[in-house]
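Only one chain comes next, encoded as structure tokens, the form predicted alone.
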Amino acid sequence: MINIIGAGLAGLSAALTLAENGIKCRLISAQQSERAQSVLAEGGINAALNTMGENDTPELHFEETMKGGCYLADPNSVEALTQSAPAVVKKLAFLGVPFNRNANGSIMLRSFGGQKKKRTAFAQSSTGKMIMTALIDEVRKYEAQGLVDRFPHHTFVRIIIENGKCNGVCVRDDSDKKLYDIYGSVIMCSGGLNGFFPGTTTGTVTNSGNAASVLFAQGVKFANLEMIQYHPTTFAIPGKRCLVSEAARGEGGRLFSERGGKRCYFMEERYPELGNLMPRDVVSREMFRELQSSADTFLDMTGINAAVWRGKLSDLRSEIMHYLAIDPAKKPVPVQPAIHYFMGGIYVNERQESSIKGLYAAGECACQYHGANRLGGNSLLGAICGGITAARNVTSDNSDVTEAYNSSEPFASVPSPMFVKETGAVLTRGLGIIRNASELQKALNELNAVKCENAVELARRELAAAMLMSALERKESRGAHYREDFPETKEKYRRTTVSVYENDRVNISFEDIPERRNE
């Protein structure tokens, strides 16, 4: 039986694919799917459906995804992603996702950053929630048939490695704290590293990053950990940052800075072709510079007409009014960049296989499709396609052994809130929008001085160190990684940054990106 860790979009897609092929799986998660990170996605999902009469194609989607990621992604994986995208979105529509529609009934598409064609299918500004709802309902049908066995409220502890192969997973039942060894191949769908940056990300506050840390400590290779995407338009709410979807700019929202009562629409002035829809790394850097020069930054959505607010952005408007008591249709909203997405993660190939045999990964926990910068609308697509691909390639040994026990398992411990806060503050200082060797080395020294009280804290510290060391070793600027001491993009660094924990130390190396086979 296959064990899937995480019940968000990637996990559900993997489970559905396996079940449709008559293969049994366990869907293991700390929370129910309804509370997964995927529910928070707002703007849409990319696919070259060409319903807007712009002559869009999957090849153009491929080219803009590669360009947006600064050519750091595996082109064969990206080609599979963009070629399969239209069929994925059509299937979602078949399953009941209420995508906005054109007058002729075709799926409506909107503009998103880094793309010259309207390519993003959407369901108002709650696309993630709508897709998750449809997949949850579909997977429940297979639960009723016994093909999907749900294990909610179970926390990942570690993978079981025997003779260099992943043969199962150890999990903790959060109700009685009992540990279980569950055998079979494993697909990790555990989300990004939001928990490493408490209070400064748009991600769910329950996404701890502990699973990734333990995998790293167990010798699983990670890649491109320096590539952390800042979303340009967020505002603070208790415990995290709230996202103002890129969809707002796709529908006509305009960024401006204000100094001395004078407005400057800086993106339109500096980037006349795409303006406010430049890739997120570019927009975030420009906003950072405006903020550094003591200018406040705002998103002006007052020019969006009433029909668009009603039909496409009503959820976003309600959210802003709820948290800020500002009606964005009538008044600009103050916004700042914040950490939003982790392009780096578990190093997988185009089959979603990790460096450990029997262990697969999909979704934001895996480093796969996005290179140095993710295009908006590609995250939902990547999670779905990654889950499908992993499920198609995972090998099953038909093991159905489950062993329950109580133990002093070291990875069953948890980090203290003080440890998480202290290391998070160090990482936030070192891995900002604009970086340099001095600040990165200072952060690394501070991190290494933090005391660890248990195995999970040590694992988190070493993975955090790998992030900083990866940023130090990449002596160039590319996508989300901007070094003011190395502002140029260098061809010799168009390689994957690989991090591995071995012999009680973090090692960083670079590996070549595969050539595109079908070019």
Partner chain sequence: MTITFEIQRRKSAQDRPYIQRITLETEDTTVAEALDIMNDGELADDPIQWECSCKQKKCGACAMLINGKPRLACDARLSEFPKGVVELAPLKKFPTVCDLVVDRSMMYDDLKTLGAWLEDEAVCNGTGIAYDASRCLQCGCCLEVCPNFYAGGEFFGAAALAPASRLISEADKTDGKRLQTAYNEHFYNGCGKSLSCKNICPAGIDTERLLVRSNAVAVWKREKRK
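Note that this is a predicted model, so its numbers are computed, not measured. Residue numbers count along the first chain shown, from 1.
Note that the form predicted in complex with its partner chain isn't included here; everything after this is about it.
Asker: If you check in the predicted bound form, do Arg35, Ala134 and Ala144 all have a non-hydrogen atom within 4.5 Å of its partner chain?
Answerer: Contact check passed for all of Arg35, Ala134 and Ala144.
Asker: By the heavy atom within 4.5 Å rule, which residue out of Arg270, Lys178, Arg351, Arg101 makes contact with its partner chain in the predicted bound form?
Answerer: The option sitting close enough to the partner is Arg101.
Asker: If you check Arg254, Arg110, Lys240, Arg435 against its partner chain in the predicted bound form, which one has a heavy atom within 4.5 Å?
Answerer: For this set of options, the contacting one is Lys240.
Asker: Of the listed stretches (490 to 498, 463 to 471, 35 to 43, 60 to 68), which one has a non-hydrogen atom within 4.5 Å of its partner chain in the predicted bound form?
Answerer: Correct option: 35 to 43.
Asker: So, Lys129 and its partner chain: in the predicted bound form, are they within 4.5 Å at any heavy atom pair?
Answerer: Although its partner chain is absent here, Lys129 would touch it in the predicted bound form, with heavy atoms inside 4.5 Å.
Asker: Contact between Gln31 and its partner chain in the predicted bound form at 4.5 Å, heavy atoms?
Answerer: Judged by the heavy-atom cut-off of 4.5 Å, Gln31 is in contact with its partner chain in the predicted bound form.
Asker: Does Ile161 make contact with its partner chain in the predicted bound form, using a 4.5 Å heavy atom cut-off?
Answerer: No - in the predicted bound form, heavy atoms of Ile161 and its partner chain never come within 4.5 Å of each other.
Asker: With the partner left out here, check for me: in the predicted bound form, does some heavy atom of Lys116 sit within 4.5 Å of its partner chain?
Answerer: Taking the distances in the predicted bound form, the answer for Lys116 is no, it never comes within 4.5 Å of its partner chain.
Asker: Quick one: name the residues from 313 to 345 with any non-hydrogen atom within 4.5 angstroms of its partner chain in the predicted bound form.
Answerer: Those in contact are Asp315, Glu319, His322, Tyr323.
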